[in-house]
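We begin with a single chain expressed as structure tokens, specifically the form predicted on its own.
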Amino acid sequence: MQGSDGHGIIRLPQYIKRLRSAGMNPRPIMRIVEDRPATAVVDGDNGMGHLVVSHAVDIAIGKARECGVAWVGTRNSNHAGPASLYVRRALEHDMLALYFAVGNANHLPPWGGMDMLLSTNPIAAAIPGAAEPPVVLDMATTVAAYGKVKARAKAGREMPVGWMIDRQGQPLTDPTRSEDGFLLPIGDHKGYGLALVFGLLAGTLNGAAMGRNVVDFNADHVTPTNTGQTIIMVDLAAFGDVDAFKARVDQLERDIRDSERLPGVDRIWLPGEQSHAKRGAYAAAGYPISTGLLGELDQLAADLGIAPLEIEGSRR
């Protein structure tokens, strides 16, 4: 609904395959294995990542309310969808949030290397305003998240030059050949450094998979992934007047949006504004599904013995 088309329903077939292959626990018993007033580590019992991370967020909100700041990590989790889903939860509680995760497949080598030892390890942040939309950043540490490559393949569209290169260092634009190369980090060596640090914070620190231990859930539906995520919650009231902070955020947003633009630029966007607009548009008009994805969902429905998707009362 927010335009993160590399996540959401495009991932449903993979989730179902993993559940049906007993590679993911449909009824996890999640528990806190390390606990202090402002920190915790949650063992997700190989549950669906959306459940595990949502549980970690609930714990972090409670701890931040008591301590001002909270840091909660997960282990034995799974793919949890777009990171912004979880930092946005902070906005309901007059908090701001940061999120790091280890991706569920390695598509990034260390800078200058060939072995894919890192993933697209993302960062997300949500900071509330008052009258203005919240600032919500959600980005991979690669130029494009691998989900976007999958979305391009299903839509039959080529990738732009600069997303991937092949093992000879040449641009790779055919998404169906993604296994022949690897993703490029943002900012060259700087993106590699960020991917490494975020993985250490979300994976290694929590006792979750990192490096060679990361399981490619695109290809392996059986092996537990032991995915790690980290959520950090900050109670705005711990740093001063909440309304005054939000007013300062609003003013900064307006200053940036109204600043002088380069020739040919119609608008300066803040992080999260376009997703906010898409939520409204899709809620009113419906979510567009590519023909390739619709065919895959139809096949999934047939495999599960349920009715295929209908759009506005008719097949498309």
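In this text, rigid core is short for the largest set of C-alphas that superpose within 1.5 Å between two forms. Keep in mind that this is a model prediction, so the values were computed, not measured. One-based numbering along the sequence shown.
One more form of this protein exists, namely the form predicted together with a further copy of the same chain; it is left out here, but the text below deals with it.
- Under a 4.5 angstroms non-hydrogen atom cutoff, a further copy of the same chain in the predicted bound form lacks Asn218 among its neighbouring residues.
- In the predicted bound form, a further copy of the same chain sits within 4.5 Å of a heavy atom belonging to Arg167.
- For Ser259, a non-hydrogen atom is located within 4.5 Å of a further copy of the same chain in the predicted bound form, even though that partner is not displayed.
- For Val222, no non-hydrogen atom is located within 4.5 Å of a further copy of the same chain in the predicted bound form, even though that partner is not displayed.
- For the options Pro171, Gly211, Gly81, Pro133, the residue carrying a heavy atom within 4.5 angstroms of a further copy of the same chain in the predicted bound form is Gly211.
- Here the chain stands alone, but in the predicted bound form its contact with a further copy of the same chain, taken as any heavy atom within 4.5 Å, falls in 120-128 among 150-158, 171-179, 120-128, 84-92.
- For the three residues Val57, Ala105 and Leu294, a heavy atom within 4.5 Å of a further copy of the same chain turns up in the predicted bound form in no case.
- In the predicted bound form, the residues of 109-128 lying within 4.5 Å of a further copy of the same chain by at least one heavy atom are, in order, Pro110, Trp111, Gly112, Gly113, Met114, Asp115, Leu117, Ile123, Ala125, Ile127.
- Superposition of the core reveals a Cα shift of 2 Å or more for Lys148 between the shown form and the other one.
- Shown in the overlay between the shown form and the other one, fitted on the rigid core, is a CA shift at Asp180 of 2 Å or greater.
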